[in-house]
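Shown below, as C-alpha cells, is a lone chain in the form predicted on its own; questions about how it binds or moves come after it.
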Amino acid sequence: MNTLTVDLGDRSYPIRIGSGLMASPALFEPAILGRQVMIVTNETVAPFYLERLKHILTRYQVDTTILDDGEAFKNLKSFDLIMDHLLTQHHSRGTTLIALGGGVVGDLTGFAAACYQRGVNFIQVPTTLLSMVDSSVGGKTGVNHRMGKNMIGAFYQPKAVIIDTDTLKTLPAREMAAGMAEVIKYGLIRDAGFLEWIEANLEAVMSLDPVALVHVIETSCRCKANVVSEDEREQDVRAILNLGHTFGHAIEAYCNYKDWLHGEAVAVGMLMAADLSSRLGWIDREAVERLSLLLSRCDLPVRPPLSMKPEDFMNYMALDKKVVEGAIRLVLLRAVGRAVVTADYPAAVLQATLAHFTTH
C-alpha cells in the first residue's frame, strides 16, 4: 500500500493506494467518527462492491443509497434522494457518508456530506480511474445544472481517500480510456517527464499492469495533492487542473450530460487548448500533434460533436466558473509541462481554434 497526504493543516487526510484495500476495516475505522454509515453508490457499482464493503463494516449501522448511473443524474434530484435516506434512517451529525463509485457518486456524496446538518464526515472510495486520479482528491463537490456543469456545490474535504486498484478489473475499457485523459493532463500541466513515461508505458497501463497502475495513480494523486495544498479553493494555481475543462464542459452541457463521458470531453478540450496555445506561439504544432496521437492511442475522441458550432461553445463557456467580469479565462500551455490561466489572448485566435474544430 502506498500512502500520500493532502496537506491542509488540521484538515489533512491520507490517500491510500493499493490492491485489496476494500477488505481492510483498519483503513476505514479511523475515518469513521460515529456509529452510523451511509454508503452512496450506483446501480452499476453496487452489484460488484456494495456487499464487500458492508461486510467489513459490521460494527456500524450501515444504510445504503443506490443512485442511477451517469452524469445525467448528477443533479439535485439525486442529492435529494440521499437526503431522504439520511433523514428516514435517522442519521445524526455523527454519521459518516462513504462514496463508493466514480466521479458522479463522489461529487454527489461529498456535496450531501457538506450540506447534511451543516456538515458531516465522508470518505471517498473511487472505483474508476478518473475518480481515483482526479475527482476523489481535493474536496470539490457538487451537482450540475442544465445550464452548466458543477454550478452548484461546495469545497468540502473527505476524511480519507481509499483507492483499491482491484476495482479497475471490472471497469469498462471506455471508462478506463476516459480516466487516461485526466492522467495525461497532469503531464501537460506540471510534469513533462511523466507525459513521456505515459507515452512509453501506455499499453502496460491500459492492460492493468499492477506496477504501472500504481505509478500512474500515485503520480497523478501527488500532483493534485500538491496543487490543492497550495490553493485549496482555486483562487490561483489550482485552476491549472482545469486544462481542457472549459471546452470540455461546454461539450458535456451541449449534450445534456449524455452520450459523452467527462474524460472524453476533457480529451477534446485539452487538444483545443493545445491548439490555441500553438496559435499564440507558446508551443509548436508538433506538441499538438503529439497530444492528438496519444489521445487517439487511448481510443479517446479528438473532435467535438459534429453538430457543435463556435457559438455553441461560446454560449456555454460564458457560464464557466473561471469567467471574471465577462472575460473567459482559459488554462493554456506555455510549454509542455507548464500551464497558465489567462484571459489575455486575442478573441480572433479563440475563434480560429473553435472554427478549426467545428469545420468538417
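Everything numeric in this text was worked out from a predicted model, so none of it was measured. We call the rigid core the largest set of C-alpha positions that still match within 1.5 Å between the two forms. From 1 onward, residues are counted along the sequence shown.
Unshown form predicted in complex with a small molecule; subsequent notes refer to it.
Using a 4.5 angstroms threshold between heavy atoms, Q36 stays clear of the small molecule in the predicted complex. T170 belongs to the set of residues with a heavy atom inside 4.5 Å of the small molecule in the predicted complex. Taking the partner from elsewhere, T65 is found to have every heavy atom lying beyond 4.5 Å of the small molecule in the predicted complex.
Taking non-hydrogen atoms only, V104 approaches the small molecule to within 4.5 angstroms in the predicted complex. Comment: 46 to 54 is the region of 289 to 297, 330 to 338, 27 to 35, 46 to 54 lying near the small molecule in the predicted complex, near meaning a non-hydrogen atom within 4.5 Å.
None of S135, N121, S78, S278 but one reaches within 4.5 angstroms of the small molecule in the predicted complex through a heavy atom, and that residue is S135. Scanning L130, I163, A99, A274 against the small molecule in the predicted complex with a 4.5 Å heavy atom cut-off leaves one residue, L130. Against the small molecule in the predicted complex, the set R190, E264 and H356 makes no contact: no member has a heavy atom within 4.5 Å.
After superposition on the rigid core, the Cα atom of G148 is displaced by 2 Å or more between this form and the one not shown.
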